[in-house]
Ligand SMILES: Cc1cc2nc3c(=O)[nH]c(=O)nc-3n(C[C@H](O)[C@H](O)[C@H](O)COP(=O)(O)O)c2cc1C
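Here we start with a single chain on its own, the form predicted alone, put down as structure tokens.
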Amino acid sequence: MAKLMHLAGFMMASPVTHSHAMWRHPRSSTRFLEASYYQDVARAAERGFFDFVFFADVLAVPGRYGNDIRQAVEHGVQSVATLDPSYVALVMANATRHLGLGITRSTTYYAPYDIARAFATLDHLTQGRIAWNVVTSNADAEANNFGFRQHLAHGERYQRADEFLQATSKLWASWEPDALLLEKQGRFADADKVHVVDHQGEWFQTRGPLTVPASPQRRPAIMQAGSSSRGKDFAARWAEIVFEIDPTPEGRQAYYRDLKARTAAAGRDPNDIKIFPSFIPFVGETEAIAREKQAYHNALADPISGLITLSAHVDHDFSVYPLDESLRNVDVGGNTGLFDVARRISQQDNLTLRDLGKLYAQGVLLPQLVGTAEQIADQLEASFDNEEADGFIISAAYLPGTFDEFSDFVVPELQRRGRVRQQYTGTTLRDHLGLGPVEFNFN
């Protein structure tokens, strides 16, 4: 039997995701402040037997481009207007039975107890369908919103994140699975199975135990998107799901092999980490129709919107450079791995900054798969068999239509070929991913 590929969806609790053309597109709903907007997306993804939908999140309105928020607000770029995804995830969980839901939370501006309690609660309320996308916030604008003058240095962010995962793991393990008894005429819980953790570290002190009994998954599935060397080491140690952006087959294959090797070197089974490159599909009844959809979408993308978001992602102000010059080799304080991809593409294709801005606005460097359902299935199969991925994250050009089209046309073609599931066979997100029981790592 052929190995099955996993499917997932990318979201932000916003009218903008990777595509900055999305909110302008006539086929996109702008009802992002209403519960039904997210429920429609959730039902479409579950109809396509997706493992999960995850929400990226940023804790500030972008203000790095020109050191001002005005252009970001006027252009309506990523993160200008974004709801708290934890509440949105519950709305989507209530509209579905199987779909996993990933939520981004930063290890830089929260405390381990707060995060451990929130995710254990969400895991209970969704019957074990929750993932935590672990991020280390990298922008001064986010730091300013939490009372700090500037963000932590790259290495310090990951040192803090490592200890953060150690502390939350101890808290999730503080209740053994059978500790809660609820004996009407006897004990509420077995005190021998509820443990003080007394974590004393460089960054955190937390006594425990958690007030939330052990949840269905014991802990959320851990997701990460590190693209720097330090980020990949962190993923190899902790992650079970990895989100990746690279527009080239060579880059995706190199990333896949590198991260699997790092996972083995960290003492883990490489099969216990699932790597998900992302793409934007344009599905048509014919290739010509699909290409017309792509061209229409891409024409709506504004270069300045892309550069505003690129500036926010890598924490560098690109407004000070001429638009008709190439991307300069500069020191960035944010996502260094993503900047390396942008620089590589710019050099490879001889792009000006304007070109790069437009490309970034079209989808933050995600590849676009274009064609009939059969042609897109061909491309996914080729990438999967080339060891570029364990699965794929679909990002939308317009919502909910992109997910509707993928689930209704591409998924049945992949099912016909035996490459994706025909039905859900488990109940938790860990079941969907084929992961074994949780083994807590406190070191």
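Numbering starts at 1 and runs along the sequence shown. None of these values were measured; they are calculated from a predicted model.
In what follows, reference is made to the form predicted in complex with the named molecule, a form of this protein that is not presented.
The candidate site formed by 283, 294 and 376 is entirely out of contact with the named molecule in the model of the complex, as no residue has a non-hydrogen atom within 4.5 angstroms of it. Taking the partner from elsewhere, residue 318 is found to have every heavy atom lying beyond 4.5 Å of the named molecule in the model of the complex. Looking at residue 158, you'd find a heavy atom of it within 4.5 angstroms of the named molecule in the model of the complex. The shortest heavy atom separation between residue 414 and the named molecule in the model of the complex exceeds 4.5 Å.
In the model of the complex, at least one heavy atom of residue 135 sits within 4.5 Å of a heavy atom of the named molecule.
Here the chain stands by itself, but in the model of the complex one stretch of 43-51, 383-391, 405-413, 56-64, 56-64, has heavy atoms within 4.5 Å of the named molecule. Distance criterion of 4.5 Å from any heavy atom to the named molecule in the model of the complex singles out 226 from the list 208, 371, 226, 303. A single residue from the set 278, 108, 174, 217 has any heavy atom within 4.5 angstroms of the named molecule in the model of the complex; that residue is 278. Taking the named molecule as it sits in the model of the complex, the stretch 80-100 never comes within 4.5 angstroms of it through any non-hydrogen atom.
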